[in-house]
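Taking the form predicted on its own, here's one chain by itself in structure tokens.
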């Protein structure tokens, strides 16, 4: 059984360069690109109007954003961004102006004198930030105390068992705060217990660069994907590889982005060939595919559920956004009634 999603709205030329990252809040969508500015769109209106442009946020452009995720939590007050210069910034929502302002720039300078951060993830309570580095480390920052509280190492050997300091391309924090996961250029996927401060799983199943890792909302599963063109699923109770999600074809396209919906029933994936897919995890099947562009998709994200219909015929169904080399924001909605 397939699911049908319709194009709800497209913001053409939302950025003057490739859009590399999206981050939703309960009422907005933040986007970042190869240009220096960040942009925030209103997701409570059917036209998705631009609310704010943060000019010169990152001089060399921005490749990763992070917001807190999880229903019922007070999210949207803070978001994090990381630029191509390795600079990481925290932005806070001013309650009066309803505009984001720079709160803090995290000191992430490496021994070479340059920033060395790639991927980032924000905890559900907006209190902690995980950052990955080019030599395979994962740093965790306490944002309230403004100090680094943990560093996880993945070096000490080559291959899936050790990591060898391989470039850490992806990171995620579980919504319950217990676990941190990282994906690496050499195909390694690692899971760390934040309470114990140590690695608990070194996961097999992917031999090519991993570009996305994401915990399910209940933290029962971890999904990982990248250049292999398949989505590997892992059980977080025992660290077992429990299955793969893959589409028919001899040469699957790179998967650049993953995102669970709020119930954990469906996974969203974005691909280098411009296709965005919705996967039914229980059935292990793709239930929807959209390919309105041939340009690479760099990021796909579900939007938080809305309590009311946004317009005639739009209903209250699920929505997601896809963006990439087309420089546009493409919003989709589930084809349901009001």
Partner chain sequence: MNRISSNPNAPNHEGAVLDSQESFGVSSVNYSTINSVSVSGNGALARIESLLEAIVDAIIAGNEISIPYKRVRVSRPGPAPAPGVSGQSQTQRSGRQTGVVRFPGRTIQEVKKFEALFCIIEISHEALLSGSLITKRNIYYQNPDLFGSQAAVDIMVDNLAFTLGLGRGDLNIVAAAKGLVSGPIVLVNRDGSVVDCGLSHDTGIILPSISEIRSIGFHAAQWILVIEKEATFRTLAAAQYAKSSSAGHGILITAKGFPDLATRRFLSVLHSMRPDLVIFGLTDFDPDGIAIIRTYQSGSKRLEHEHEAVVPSLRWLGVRSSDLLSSGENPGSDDEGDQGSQVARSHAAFDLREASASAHERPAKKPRLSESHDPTETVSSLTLRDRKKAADILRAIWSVSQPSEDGLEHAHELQRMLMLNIKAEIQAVDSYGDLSAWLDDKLFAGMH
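Since we're looking at a predicted model, the values are computed, not measured. Numbering follows the first chain given and starts at 1.
What comes next is about the form predicted together with the partner chain, which is not displayed.
Contact with the partner chain in the predicted bound form, judged as any non-hydrogen atom within 4.5 angstroms, is confined among 190-198, 253-261, 213-221, 137-145 to 253-261. The partner chain in the predicted bound form comes within 4.5 Å of a heavy atom belonging to residue 185. Although the partner is absent here, residue 208 lies within 4.5 Å of the partner chain in the predicted bound form, judged by heavy atoms. When the partner chain is considered in the predicted bound form, residue 327 lines it closely, a heavy atom lying within 4.5 Å.
Put simply, residue 26 is far from the partner chain in the predicted bound form: not one heavy atom of it is within 4.5 Å. Against the partner chain in the predicted bound form, the set 127, 243 and 267 makes no contact: no member has a heavy atom within 4.5 Å. This chain is displayed alone, yet in the predicted bound form one of 150, 204, 227, 103 has a heavy atom within 4.5 Å of the partner chain; that residue is 227. Contacts of stretch 18-35 with the partner chain in the predicted bound form, defined by any heavy atom lying within 4.5 Å, are made by 18, 20, 34, listed in sequence order.
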